[in-house]
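In the block that follows, a single chain appears as structure tokens, in the form predicted on its own.
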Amino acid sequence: MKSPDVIIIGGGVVGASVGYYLAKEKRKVYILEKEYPTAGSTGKAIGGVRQQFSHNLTIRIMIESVKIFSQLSEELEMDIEWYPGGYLFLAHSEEMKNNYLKAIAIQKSFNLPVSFISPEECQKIVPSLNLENLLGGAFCPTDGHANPFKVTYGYLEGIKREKGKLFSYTEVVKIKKEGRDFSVWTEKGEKFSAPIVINCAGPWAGEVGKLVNLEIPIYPERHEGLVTEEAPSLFDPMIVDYRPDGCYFFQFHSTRHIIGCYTPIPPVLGPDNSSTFQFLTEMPRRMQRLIPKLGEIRILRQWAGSYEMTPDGNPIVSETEIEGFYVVAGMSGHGFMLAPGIGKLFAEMITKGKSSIPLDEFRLNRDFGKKEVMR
């Protein structure tokens, strides 16, 4: 019998962050990961970090996350490659421009340095940007990017320094509440026991919920990504084009590779991680439409992974009807950027009884009617 204070199911960046901030509060944390850390959604993330959202709570959490990202290399004693290059959301229609202006009004109420800038100002930030049909863009210079692998492994090393443990290739197959503790069995036949179990299983959070007869509305949705060869320095920010045939990409400050993806329409639901020739040909076309110079740069590789979607595109960070069983999942494509803020706030909720930023709006039993516009 292995008996920590907290069992976390899932070794991606969210589970690692939650575990790290709990371990800092002297909770003995065990993480049970069915494959290896970053094997799921985290390892497929491109690394963007932004505060430009339309939901008040998400904005507040992301402001906290960016504060953490900016100091995380020093705290984790590992260069996480944080670079505040900004995010530039392009508007090619009046509808999109108005959506951004509404979101900017909300973001400014939290003192974010975000503004809607002209096409010419966009081109000053991205000199090779194609201005055809461009009406302007929403730009926040304090957004940025970092390395998902280094952040995750940095957090995991921090957990180990606090006497916590990671169990890779340890899939949970049964959970049962016995008295005040949960008994957790793995496919290896091992048994763990703890008073607190946290479901951080990402796209598989719904399946883990079924082990305790909980309905958790999280489902996988396939997204593909690609990375180019190293290129001359072309631009700093993440460039986001929300047109139906748009895309988003940025250039790593540290390596100068360009990495990006797009959201397929219609969405590809289910645990399908297959890469497609359609994406391999379509993504470069979309990138080149925005920056024609990219036509000279070769693709190194492509991949596919799963977003962990909820009905409203917002996370679930919540206690459940089963005392001691929690859900921190459903990040809807924003898990890497949300992880530091949510991990820290959730640890406060567990250890202090409440978090410094209330997380009630992300409870499991909400009506999911308030959708995130800037998905």
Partner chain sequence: MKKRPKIVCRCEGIEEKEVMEWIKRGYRTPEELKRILRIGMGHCQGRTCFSLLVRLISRETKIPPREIKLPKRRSPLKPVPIRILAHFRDEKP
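Just so it is clear, the structure is predicted and the values come from calculations on it, not from any experiment. Residue numbers count along the first chain shown, from 1.
Heads up, the form predicted in complex with its partner chain isn't pictured, but that's what we're talking about next.
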(message) With the partner left out here, check for me: in the model of the complex, does some heavy atom of Gly295 sit within 4.5 Å of its partner chain?
(response) yes
(message) How about Ser306 - does it come within 4.5 Å of its partner chain in the model of the complex, if we only consider non-hydrogen atoms?
(response) no
(message) Residue-level contact is defined here as any heavy atom of the residue lying within 4.5 Å of its partner chain in the model of the complex; does Tyr169 satisfy this criterion?
(response) yes
(request) Answer with yes or no whether Lys124 is in contact with its partner chain in the model of the complex, where contact means some heavy atom within 4.5 Å. (result) no
(request) Kindly indicate whether Ile63, Asn111 and Asp272 are, all three, within 4.5 angstroms of its partner chain in the model of the complex, using heavy atoms. (result) no
(request) Choose from 346 to 354, 320 to 328, 55 to 63, 30 to 38 the stretch whose residues reach within 4.5 Å of its partner chain in the model of the complex, heavy atoms counted. (result) 30 to 38
(request) Have a look at Tyr153, Tyr83, Trp204, Tyr242 for me and say which one sits with a heavy atom within 4.5 Å of its partner chain in the model of the complex. (result) Tyr153
(request) Would you kindly say which of Lys210, Lys188, Lys163, Arg301 lies with a heavy atom within 4.5 Å of its partner chain in the model of the complex? (result) Arg301
(request) Determine the residues of 217 to 233 with a heavy atom within 4.5 Å of its partner chain in the model of the complex and present them in sequence order; the list may be empty. (result) Thr228, Glu229
